[in-house]
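Below sits a lone chain in structure tokens, taken as the form predicted on its own.
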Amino acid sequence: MMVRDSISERTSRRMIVVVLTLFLLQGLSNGTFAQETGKSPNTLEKAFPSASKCKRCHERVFEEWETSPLARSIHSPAFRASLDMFLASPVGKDKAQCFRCHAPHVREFPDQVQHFIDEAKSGDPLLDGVACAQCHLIKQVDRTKHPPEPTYDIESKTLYGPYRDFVPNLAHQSMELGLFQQSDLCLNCHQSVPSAANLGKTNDLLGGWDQNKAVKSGKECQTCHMPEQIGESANGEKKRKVANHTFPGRVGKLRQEAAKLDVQTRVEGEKTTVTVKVQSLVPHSLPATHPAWASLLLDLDIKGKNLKTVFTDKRVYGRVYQDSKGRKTSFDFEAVKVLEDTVLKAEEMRVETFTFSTPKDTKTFDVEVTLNYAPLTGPPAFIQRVEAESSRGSMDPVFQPIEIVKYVENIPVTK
């Protein structure tokens, strides 16, 4: 009996080992970048796993990315409304155009573009737009093409990044690639010109970014928009130098460093002149001009007795487009001509002069100058559609100004 029990126990242990081995192998075959041996991933999800899978090991990075504009690239009400306008336009036959930036993996699956459209229109897509795989599978960017074109590596389990001290793991292979510390990585989307008539350099979204002092001193896009910090890349690993994935810009603290104001007020009897020097501090166009309604507002408010506004004026920095029928348009994909361009060029200083009647019946008055990112603008039907698409309606943040810098001074009235 003892011999039989011993044999039975050994058999049971062998069965347990076999089951555990099979379970482990099944787990590895269903890993983040699972694929059939020697074959390319044959589905969208296998080739570009969702960011939620990456979160299992990269929780810090995921949480940063989740707060960023990139995480909402196909989720935002403004994108959905714009996509409808695009698809209904004469250039909407190229259904993949918007997604080449907002969900760039459509390049590898052009036959599934309708799936991308349906996901975006659902309002709560399961499909990622710009997430982990959409960037970290880029192996090369061809800058000889306009816009620059990325090459994806979806035939291996390799993810590319800027650091060599990666931690070996079973989910994917890692490889250091210098591209991830160069602006080239960003250009395939951020230098794209979504125009019906290919306006070329007249609609360059970034301006002369590669000729400015910042770039010549060695700064790249990542210097400001993915600043380095000390932390974990993967859960529980040793803290080291890592890139921030909140992608600060219009959204985030970085906007407060985008420009500065120098304001001089001169009271001359019944006439007062306010001179405002607007100094751009960024090495590219301000604002970057996509979407086409992107603009800055320089607002001047003069407040007299009892803080009552007695004078107000503004300047707008942006682009005005014209469509093929000679009408102004808020959509660059309809544009055939740039009617007006007041965008601040890289590191440009613009001088604005305002003249008005000196406030009366008061010993002092307040000068308030504010530079804001402007709220969403466009045709009434478009605005209404965005409101309808948003769970917050007209209170959606897209309809609110975003302050960059503000200047306030109390000025005495000379007698």
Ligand code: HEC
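Quick note: we count residues from 1 along the sequence shown, nothing fancier. Keep in mind it's a predicted model, so treat the numbers as computed, not measured.
Same protein, other form: the form predicted together with ligand HEC, not shown, and the subject of what follows.
Distance criterion of 4.5 Å from any heavy atom to ligand HEC in the predicted bound form singles out Leu70 from the list Leu70, Val367, Ala346, Ala374. When you look in the predicted bound form, the only residue of Val320, Ile117, Leu159, Leu298 with a non-hydrogen atom within 4.5 Å of ligand HEC is Leu159. Although the partner is absent here, Glu340 is not a contact residue: none of its heavy atoms lies within 4.5 angstroms of ligand HEC in the predicted bound form. Contact annotation for Glu220: at least one heavy atom lies within 4.5 Å of ligand HEC in the predicted bound form. Using a 4.5 Å cutoff between non-hydrogen atoms, Phe354 does not count as a contact of ligand HEC in the predicted bound form. Taking the partner from the other structure, ligand HEC in the predicted bound form has a heavy atom within 4.5 Å of a heavy atom of Glu237.
Site residues Ala131, Leu206 and Leu254 are all in contact with ligand HEC in the predicted bound form, judged by any heavy atom within 4.5 Å. Contact with ligand HEC in the predicted bound form, defined as any heavy atom within 4.5 Å, is confined among 268 to 276, 322 to 330, 298 to 306, 164 to 172 to 164 to 172. Contacts with ligand HEC in the predicted bound form, taken as any heavy atom within 4.5 Å, map within 97 to 134 to Gln97, Cys98, Cys101, His102, Pro104, Val130, Ala131, Cys132, Ala133.
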